[in-house]
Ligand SMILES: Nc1ncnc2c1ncn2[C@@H]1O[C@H](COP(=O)(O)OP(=O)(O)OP(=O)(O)O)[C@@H](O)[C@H]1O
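Next up: just one chain, as structure tokens, the form predicted alone.
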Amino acid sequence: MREYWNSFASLLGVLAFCQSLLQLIFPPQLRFLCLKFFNRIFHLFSSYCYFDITEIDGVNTNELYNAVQLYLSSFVSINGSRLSLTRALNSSAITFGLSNNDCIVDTFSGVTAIPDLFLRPLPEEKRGFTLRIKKKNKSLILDSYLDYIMERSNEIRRKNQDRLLYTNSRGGSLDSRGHPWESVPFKHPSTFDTLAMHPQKKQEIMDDLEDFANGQSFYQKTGRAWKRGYLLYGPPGTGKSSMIAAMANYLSYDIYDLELTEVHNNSELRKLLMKTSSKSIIVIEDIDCSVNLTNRKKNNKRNYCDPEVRCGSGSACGGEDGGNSITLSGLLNFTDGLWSCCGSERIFVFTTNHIEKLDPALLRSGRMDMHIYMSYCSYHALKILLKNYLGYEESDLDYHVLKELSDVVDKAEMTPADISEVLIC
């Protein structure tokens, strides 16, 4: 048996020598074919199989790559021999990662797997992991280990990883890694505990979010895309942005702040959607002011300004080649069409100060499943603001003062933002 292994090792050594020799003697095209042939022979005799997990899969972001990266960072600081350290701008957390060509050993159900991070010398400089396992354990790894990594990474992400706020400041154009979004750490402190709203109404929203986050089996059973839409409407200053931040903090989701004025057409809109990740909230604020989508029967080439008004160049603002060409149908497909299914566990949030200006097609169930009216400050909201800013509990205030506040606050029609400014002073 020992002689057999010695012969096999000698064969591998000869193959490695031949590969080096080919690079010096043969022209590039013939060299490529010969290397391919020897690689096939090498893998044929090898007891290992290899799986590449690239960062980008075609035009889509590979969620498995992100999961493996996060999974490895949870223990690479202890086991890794050569580490890369990163710290995002305005972030308090340091992320550990594997340096190029380094590897780390992981064990799952008694099986040893070696994920090896490397930078591929491709034109687009794609990054990826290589997972090496023994061929006899292939079925176990594919069936269980990768699912375990996905679940573990989700737990780590919810507990430790900084949430991110994304913006499409470049419109739909891609960076060198094929990403149209730019991100910063999301540090908004708003929670449902500090949100100035009636407690019963807040609880209804929290229950709805919880049902959504835990509803994967329900959505699969009913054949529905795992997404949900919320419409926040009401006067300015009533806490719509704070509500979005509270939702993100409650679910530990990232936020994609979609600026429609930076998007030139429906194609770019779809591209942005395809590059969003699961467990995220996609926000379009002030939808009534972003683009003209109020009437499908009118010319859908209209843009932000009146087509009768001439721009400096002399052409109409809403012309064929000028301005923005996002249509209502493109936006509807973005939220509820076939393209909205390119991902899972995503929440769409629209905000508006004037719900009456929106097309009814945007408001129906399946697009905006829950309409949340952000009202003027109520008595219950006022008590929360008094606790947030002054530290006063209801029991700390005189009964007559509370009675007078309850009689006045509804008539005053002041927003939580207005009252907050008064309490700061």
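Residue numbers here begin at 1 and follow the sequence given. Computed from a predicted model, the values in this text were never measured in an experiment.
The same protein also exists as the form predicted together with the ligand; that form is not shown, yet it is the one meant from here on.
>> So the ligand isn't in this model. With the ligand brought over in the predicted bound form through superposition of the site C-alphas, is the pocket blocked (at least 3 atoms within 2.4 Å of backbone or C-beta) or open?
In response: In the predicted bound form, the ligand occupies a site that, on this form, remains open once the ligand is superposed onto it.
> Between the options Asn353, Thr130, Ser344, Ser329, which residue brings a heavy atom to within 4.5 Å of the ligand in the predicted bound form?
Replying inline: Only one listed residue qualifies here, and that residue is Asn353.
> Out of Gly237, Gly215, Pro199, Pro185, which one falls within 4.5 Å of the ligand in the predicted bound form, going by heavy atoms?
Replying inline: Here the answer is residue option Gly237.
> Can you pick the stretch from 47-55, 356-364, 65-73, 385-393 whose heavy atoms fall within 4.5 Å of the ligand in the predicted bound form?
Replying inline: Every other range fails; the passing one is 385-393.
>> On the criterion of a non-hydrogen atom at 4.5 angstroms or closer, are Ala225, Asn333 and Gly337 all touching the ligand in the predicted bound form?
In response: No.
>> Taking the ligand as it sits in the predicted bound form, is Ala417 in contact with it (heavy atom to heavy atom, 4.5 Å or less)?
In response: Residue-level check for Ala417: yes, a contact with the ligand.
> Is Leu269 one of the residues lying within 4.5 Å of the ligand in the predicted bound form, judged by heavy atom distances?
Replying inline: Leu269: no, not in contact with the ligand in the predicted bound form.
> Is the gap between Ile149 and the ligand in the predicted bound form 4.5 Å or less for some heavy atom pair?
Replying inline: No, Ile149 sits far enough from the ligand in the predicted bound form that none of its heavy atoms falls within 4.5 Å.
>> Does any part of Leu273 reach within 4.5 Å of the ligand in the predicted bound form? Heavy atoms only, please.
In response: Contact check for Leu273: no, nothing within 4.5 Å of the ligand in the predicted bound form.
> What residues of 188-219, in sequence order, lie within 4.5 Å of the ligand in the predicted bound form by heavy atom?
Replying inline: Contacting residues: Thr194, Leu195, Ala196.
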